[in-house]
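One chain comes next, on its own, written out as structure tokens in the form predicted alone.
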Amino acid sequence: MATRELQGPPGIIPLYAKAALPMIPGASALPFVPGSGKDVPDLELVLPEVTFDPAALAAYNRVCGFTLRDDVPSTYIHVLAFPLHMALMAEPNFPFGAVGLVHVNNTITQHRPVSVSETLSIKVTASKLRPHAKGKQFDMVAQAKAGRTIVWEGVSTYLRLGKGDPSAKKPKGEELADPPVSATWKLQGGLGRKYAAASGDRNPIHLYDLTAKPLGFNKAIIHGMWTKARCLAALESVLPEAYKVDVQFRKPIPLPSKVTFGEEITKDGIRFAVKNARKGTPHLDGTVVQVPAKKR
């Protein structure tokens, strides 16, 4: 595997512009436009010196509902890794552009709390394409180290809609009752723009109805990672120091919306879910399980 060390975080706006180019007929023939590859490139991107900006972190905490404290929310490290996701998907030999991909699953493992005063190194790779009932899917795999110790890992699964493989359809598991509702959240129309400003993720589907419509949405939708972060903020008081949190993104949440948050502590960990308050449409299902903690 080839490794490329970056001098600083890639700029998200130019990367989104490049990611959208394959949507223009004939543009994929250009040598710098993603879409020429048959599979995901065998490339590792590394950002060796990652520090935390307290003001940026505070803005993120406010928009997601986290308490202001010295430890960094596990979802914020995903925010720092996300530009590397986009840079890898912007490679000319990536098989398609990032715009239009569906984020279907996200798993984060926090091996120990990370302090705002620490310096991390972050690397990102991608798995090979694999079949899905509705197209093809792949994982963006991120890892953060403090010194030589892995303190955080993230796996984001993306779906490229297209000709699917019916045999890849997952068998239905045991259906559990919904976790008891503990809160109702009103999401304002501008929430996507507020989260974009705090996270740097300025995908047009999250900003305005006008920019979401060309990409297949009647209204702007909130980022799935905001929803995951908001859930973890609601669970902040019961989260263990080291944990694995896995979520399935179900249906997009249009803005504005009113949603319910449900939670249940079980012998295995924590179950939680977000649904539309009026229709009961499922938006997100998640679990938290404790993992062995690493020392600072």
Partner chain sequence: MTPSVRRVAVIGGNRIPFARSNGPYAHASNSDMLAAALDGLIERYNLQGEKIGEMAAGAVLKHPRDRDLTREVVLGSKLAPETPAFDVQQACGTGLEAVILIANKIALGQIDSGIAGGVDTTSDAPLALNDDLREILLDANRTPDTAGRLKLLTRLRPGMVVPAIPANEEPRTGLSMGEHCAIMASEWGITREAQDALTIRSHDHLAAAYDRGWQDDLMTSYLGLERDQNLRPGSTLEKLGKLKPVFGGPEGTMTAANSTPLSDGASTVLLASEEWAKARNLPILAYITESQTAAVDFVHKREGLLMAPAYAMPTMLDRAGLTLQDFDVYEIHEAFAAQVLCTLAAWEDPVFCKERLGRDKPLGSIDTEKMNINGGSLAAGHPFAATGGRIVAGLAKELSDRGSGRGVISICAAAGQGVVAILESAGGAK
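These numbers come from a predicted model, not from an experiment. Numbering follows the first chain given and starts at 1.
In what follows, reference is made to the form predicted together with its partner chain, a form of this protein that is not presented.
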*For the chain shown here without its partner, which stretch in 66-74, 43-51, 248-256, 262-270 has non-hydrogen atoms within 4.5 angstroms of its partner chain in the predicted bound form?*
66-74
*Go through 116, 146, 196, 102 and name the one with a heavy atom inside 4.5 Å of its partner chain in the predicted bound form.*
116
*Is there any non-hydrogen atom of residue 236 lying within 4.5 Å of its partner chain in the predicted bound form?*
yes
